[in-house]
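One chain follows as structure tokens, the form predicted on its own.
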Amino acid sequence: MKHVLGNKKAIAVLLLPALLIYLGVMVVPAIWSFVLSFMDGSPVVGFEFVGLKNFEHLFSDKEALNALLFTLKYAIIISVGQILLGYALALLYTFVLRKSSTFIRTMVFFPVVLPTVAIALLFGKLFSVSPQEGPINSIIGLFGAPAVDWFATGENAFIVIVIMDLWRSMGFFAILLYAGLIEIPEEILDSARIDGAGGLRLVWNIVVPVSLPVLMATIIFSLNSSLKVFDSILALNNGGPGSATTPLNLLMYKTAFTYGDFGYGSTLALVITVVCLAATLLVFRSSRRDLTKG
């Protein structure tokens, strides 16, 4: 093995297939999408270079601005929820349930492996008001309150989206954070307990600082995945009512593949990339500052 890893030609032969696949699947489409943002048209009618016209349209497009604002609101709320719920579950697994947490971890993680479309259909039925009332409205009716049409307004639909996406993803983030917590040396925790730290003081002063690198990586992952939300909203209500719950990714998809405007769709894709990159850099800078202080 050492002989193979020390041979540059062998390394090149082993890496070449993976590099070619990466270039073909990731790099080339990304470059082509960037080029298309300066063009107008589609593969059917052909493309025409229009310079910065798509970007000028972007800054005057209220639908794109609303989609961006919705995406940012969704990303902040979902990321905070995923981290808080995931961290709370990870602490429960580590310090309360300990070795008996396997069954609970499996049950909480189970929604992660379910198809997104199936989950969206499930929540559509749970919160439905017609043609048949769903369980949620039936429970509301037990308290004498009128049924709520959860998908009639953007505010109500957003509540359903948040509940659905937190339910289906919190198990995944709990496992990520749990993997970081179990790596904390037991000696550190025992020393803190001897010094009188316990409960929330132990978590805030010892557990969180020690697990900060894993926590920051989880925040980056959560932000990027939530900023690129697409399939769950598409399957639940297609961004409705109207475009009230349409994120940038869904607007990009509709623009390019429904309306056939690949140039402006690529411009929206570029905006998504820039937003994700900016969020990642912001978290990286914050994490470096915190680690330096620590």
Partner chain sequence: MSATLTNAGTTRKAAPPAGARAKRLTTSAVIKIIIGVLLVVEIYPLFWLLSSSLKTKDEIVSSPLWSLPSSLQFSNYVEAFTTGSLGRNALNSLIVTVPSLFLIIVLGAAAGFALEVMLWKGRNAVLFLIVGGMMVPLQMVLLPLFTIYYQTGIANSYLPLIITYVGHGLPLTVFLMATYFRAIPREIFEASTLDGGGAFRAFFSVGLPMVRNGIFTVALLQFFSVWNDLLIALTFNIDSKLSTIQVGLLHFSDEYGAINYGPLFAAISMLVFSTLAIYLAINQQVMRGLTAGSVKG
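Here, rigid core means the biggest group of C-alpha atoms that superpose within 1.5 Å across both forms. Positions refer to the first chain, counted from 1. From a predicted model like this one, the values you see are computed outputs, not experimental measurements.
Omitted from view is the form predicted together with its partner chain, to which the following refers.
Checked against its partner chain in the model of the complex, the residues Ile184, Ala118, Leu84, Leu212 give one hit for a heavy atom within 4.5 Å, which is Ala118.
Just one of Leu223, Met170, Met164, Ala157 comes within 4.5 Å of its partner chain in the model of the complex, counting any heavy atom, and that one is Met170.
With a 4.5 Å cutoff on heavy atoms, Leu19 counts as touching its partner chain in the model of the complex. Within this chain, Asp195 is remote from the site of its partner chain in the model of the complex, having no heavy atom within 4.5 Å. Its partner chain in the model of the complex is not approached by Leu282, whose heavy atoms all lie more than 4.5 angstroms from it. Shown alone here, Phe55 lies farther than 4.5 Å from its partner chain in the model of the complex, counting heavy atoms only. Residues Pro17, Ala18, Leu19, Ile21, Tyr22, Leu23, Gly24, Val25, Met26, Pro29, Ala30, Trp32, Ser33, Phe34 of 16 to 34 are found to place at least one heavy atom within 4.5 Å of its partner chain in the model of the complex. Relative to the superposed rigid core, the position of the CA of Val13 differs between the shown form and the other one by 2 Å or more.
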